[in-house]
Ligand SMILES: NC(=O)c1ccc[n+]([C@@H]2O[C@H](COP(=O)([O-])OP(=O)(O)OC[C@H]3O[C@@H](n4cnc5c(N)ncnc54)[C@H](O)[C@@H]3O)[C@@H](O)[C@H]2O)c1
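Here's a solo chain for you in structure tokens, the form predicted on its own.
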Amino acid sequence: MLDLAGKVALVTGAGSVGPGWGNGKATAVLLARQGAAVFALDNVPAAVEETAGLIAAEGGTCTTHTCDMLVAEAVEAAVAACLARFGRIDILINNVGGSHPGGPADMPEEVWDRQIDFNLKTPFLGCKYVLPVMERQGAGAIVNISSVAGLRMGTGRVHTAYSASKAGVIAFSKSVAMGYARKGIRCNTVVPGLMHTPLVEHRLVGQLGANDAEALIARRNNSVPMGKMGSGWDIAHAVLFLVSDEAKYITGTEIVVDGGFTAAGPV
């Protein structure tokens, strides 16, 4: 079940911004545990090397590459490096992204542009250079990481650019799926809800918690119907299913991993 032996997975954002398990780090390790050879990308060399070390310690295969997913030439070079190392790409995980609060009136234009690029251009560039490889192979599975911010809008915090870009990721995935459905290539989206990853302490505490991590974590846990935030491993297991042969008839859709958050209605 969920066997990835013989497959090559290119995972972007495969490091973590701090101690613990981010979505990309957990995904890279889990795919390696299931037998995939992982080509791990991140723009912070030390972060992705830590992921590779964990995989190696478990007997898995991982090659790292430093890459800024906002730069087309860098992404093209990373894909070429993966092909030079492994000869194929069976799985692509587009995991780069991040949020910044603000609405149209108060958000600087450069912040808007950065958010759109960070969350929407990065999966575009990943697909741009990997899809021709998969098309030549006649097979492939792509998972793009979105957010519940692209599905529902809360009343307490406005994040216009983030919501717009993450909604765009879902539409982008569906469009890719329809364009390549008869070419043996599947494309789906995983939609995380409130997750307790290193980003909470690294960035969200400063943005939302007035530097009170404990209070922020308690507030986020309390807003989830299941009573607690998810983890990077919850995202990783959803990704694993979607890229596995068990999901061979699933494309153009999304799995929401949020502990019931979106079903609960506005907060």
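Counting begins at 1, following the sequence as shown. Keep in mind it's a predicted model, so treat the numbers as computed, not measured.
The form predicted together with the ligand exists for this protein as well; it is not shown, and the discussion that follows is about that form.
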Notebook entry, point to check: Which among 133 to 141, 76 to 84, 173 to 181, 92 to 100 is in contact with the ligand in the predicted bound form, heavy atoms within 4.5 angstroms?
Noted result: 92 to 100
Check: Is the ligand in the predicted bound form near all of V17, G24 and V44, within 4.5 Å of a heavy atom of each?
Finding: yes
Notebook entry, point to check: Just to confirm, Y129 within 4.5 Å of the ligand in the predicted bound form by heavy atoms?
Noted result: no
Note to self: in the predicted bound form, is there a heavy atom of the ligand that lies within 4.5 Å of any heavy atom of L125, even though the partner is absent here?
What the structure shows: no
Margin query: Taking any heavy atom pair closer than or equal to 4.5 Å as contact, tell me whether H237 reaches the ligand in the predicted bound form.
Written below: no
Check: Taking heavy atoms only, is C67 within 4.5 angstroms of the ligand in the predicted bound form?
Finding: yes
